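Only one chain comes next, encoded as structure tokens, the form predicted on its own.
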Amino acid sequence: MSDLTRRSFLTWTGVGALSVAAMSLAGCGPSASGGDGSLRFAWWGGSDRQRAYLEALDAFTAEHPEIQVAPEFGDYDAYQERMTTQMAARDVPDVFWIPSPAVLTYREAGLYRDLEGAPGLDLSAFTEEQVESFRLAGTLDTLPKSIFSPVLRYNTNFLEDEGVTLPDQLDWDNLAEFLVDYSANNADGRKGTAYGPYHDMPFESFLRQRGEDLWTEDGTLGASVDGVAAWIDWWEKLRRAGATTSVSEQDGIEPAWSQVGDKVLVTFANSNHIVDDAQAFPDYVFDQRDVPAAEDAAAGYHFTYYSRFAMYSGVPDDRVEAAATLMSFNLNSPELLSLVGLSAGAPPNTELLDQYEPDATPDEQKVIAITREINETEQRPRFEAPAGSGSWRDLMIRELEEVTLGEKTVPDAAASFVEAVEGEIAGA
């Protein structure tokens, strides 16, 4: 166990140099509770989310004075760095949020405790079908803390300025045509959108509409070279037509919202992002709708993403009930939801969402509306990113840089991306 260093874990998650068996040693030690015997609870987010959760944890302790909670938080990157160190030291928090690329990586490392029948865990608000959808490979070892989906967000003021509306039936072709026309003809020199093929969830929707999956049930890359190329090509045609901000204008492939939010008409995003992003530009009103759909889109292409959290496998049996009670609070507490809001996504507990809706902010109402709309669609199964694939977004950005610099063709970049991701998964 002493051979599993932070460096080797980073290698394993990035390029798959270590075996799953070796990595699983990181999850075999006892849980290290807070110094006063309190439960450790870890999450990520900015300062507003941190303050909200700290206040919510005070409410939890008031309701359960026998359970003290030691908070651990940081921004998204810092959180992952800390988890890496803690996993290598077998010093994982009792309850923790799971970064999206790491769901199966953490699982293969043995970090999750089976929650089936855990005392203190209240899942009464969920149907059997819902609980079944929470399982990974048939095991209930993670739960969704929030849900969201890919959307197309737009600036309603910019549409009104030009006296135009987005097509009622939005597909990829007519959206591209609309964005090119808007960029060429609007009076303020705005662009249709930011250059955004790095957006992961819209990319996944695009693939699913083609009948492909980003990840397969057996833990491989489901995206074909043709599918990846079609996605990049859609964006490249927009970029070359002047319908997107240039890579230099947006300071790289993956711009900050603050750099482009007042320069573009539409952007692809996750449904929850509007809550925080709209506040960055209070003079504008934003709305959102479902992503474009190809005319021949495969049935069930819609999906709802579960942002998950878990109980550490090393939690001693005599602390499981306390940890499960904290998880139940996260799933079911109206007070917590009233404090943290919907910036991290809508709660999977629809009863809780119904209670919250009358007091939701206008932007949160938009999150709720699209959540309900997409929840009602047909959805075929969606699978999590396999172990070893954690750097796939970086690999995509690398290929996009090559394309925009003119150093690779779109087909070559797509082939290189697929080859690199498949290699990293195989290496894990």
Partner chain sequence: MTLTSKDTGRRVRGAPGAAGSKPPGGRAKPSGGTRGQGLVAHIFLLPWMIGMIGVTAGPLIASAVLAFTDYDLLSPPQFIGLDNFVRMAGDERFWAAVRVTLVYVLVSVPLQLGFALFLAVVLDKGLRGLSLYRSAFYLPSLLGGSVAIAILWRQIFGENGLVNHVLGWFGIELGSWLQDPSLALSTLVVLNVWTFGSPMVIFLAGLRQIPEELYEASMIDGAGRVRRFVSITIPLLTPIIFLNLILQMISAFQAFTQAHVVSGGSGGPLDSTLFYTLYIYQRGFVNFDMGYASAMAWVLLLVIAAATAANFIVSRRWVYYGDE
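Positions refer to the first chain, counted from 1. Keep in mind that what you see is a predicted model, and the values were worked out from it rather than measured.
Another form, the form predicted together with its partner chain, is not on view; read the next lines as being about it.
Each of M87, T105 and D251 places at least one heavy atom within 4.5 Å of its partner chain in the predicted complex.
Shown alone, this chain has one stretch from 114-122, 136-144, 240-248, 210-218 that lies within 4.5 Å of its partner chain in the predicted complex by heavy atoms: 240-248. Taking the partner from the other structure, its partner chain in the predicted complex has no heavy atom within 4.5 Å of any heavy atom of E160. At a distance threshold of 4.5 angstroms between non-hydrogen atoms, E402 is in contact with its partner chain in the predicted complex. A residue is said to contact a partner when one of its heavy atoms sits within 4.5 Å of a partner heavy atom; S391 meets this definition for its partner chain in the predicted complex. Looking at E81, you'd find a heavy atom of it within 4.5 angstroms of its partner chain in the predicted complex. Checking R372, R398, H64, R380 against its partner chain in the predicted complex, a heavy atom within 4.5 Å turns up for just one residue: R398.
Listed residues Q259, S338, Q355, T156 were compared with its partner chain in the predicted complex; Q259 is the one with a heavy atom within 4.5 Å.
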